[in-house]
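Coming up is one lone chain in structure tokens, specifically the form predicted alone.
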């Protein structure tokens, strides 16, 4: 339903997150139908009036990735043809982000292809959270607002007041993110060095930093199969770490990831709701933190042409303002 010249709609990927965002912003979720024709083709119709409206499409491109991506593209095309004034794609989890460069011969740069598809469909702006590779922002020729989940996740662990805390990265690639968490939590920093032996498997080499007798928070942008972060947790335990906690923005949890984490030597696993996990039987030591206030505040500020850079600080997430 159109209210105050802003319309938020959702595909089938994560309607609960879209509803939570709407509750924060203070608008009703737009009326959009995303069904299927008998042959499996995607059938889209937006029933809300969007002519001249500032439209936000909430759709993480999580599994089933291709279905959700195609839904997003068709929704954007539908809004463009319905004369929406501006279309912002809100992609809490950006799929195909791991294929962001040519690291060997005869491979695609799929992240760039997805960026091209979104722009061609009619997207005017992109809002996303913790891209797997930050340089993907440069693949777009439209503005990209790249938010970080650290205000949500670091805020959660600050409230737990864990003593003798060390923040660790499960690999060199995530060291910058983990270093940021260590500064937010006023904790020491460590890193696990690993090498990839196949696209699905890694092997821990050594641990950089003193973790003996310390409580360790392992930080990563996503948990996909769970293999890397579980191996890192075991390596830290072997080095004398006491309690180990895991936090990650995107709980992709593919394959038997949940079972791996259930058996891992960790006290708690904290993820956000950028990817829907309602249908997964999560163990009791899992906690899901919501990014709906973070995204809702970003949407509000984009609509009012306000800066969203202060959302990188924890206190901003607590703000509540309505359009």
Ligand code: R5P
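Positions refer to the first chain, counted from 1. Keep in mind the model is a prediction, meaning the values are calculated, not measured.
The same protein also exists as the form predicted together with the ligand; that form is not shown, yet it is the one meant from here on.
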{"property": "Contacting member of 99, 225, 137, 215, with respect to the ligand in the model of the complex [4.5 Å, heavy atom]", "result": "225"}
{"property": "Answer option from 194, 243, 158, 112, heavy atom within 4.5 Å of the ligand in the model of the complex", "result": "194"}
{"property": "The ligand contact in the model of the complex: residue 220, any heavy atom under 4.5 Å", "result": "yes"}
{"property": "Residue 171: touches the ligand in the model of the complex, heavy atom cutoff 4.5 angstroms", "result": "yes"}
{"property": "One stretch from 226-234, 78-86, 144-152, 117-125 that, in the model of the complex, holds residues within 4.5 Å of the ligand by heavy atom", "result": "226-234"}
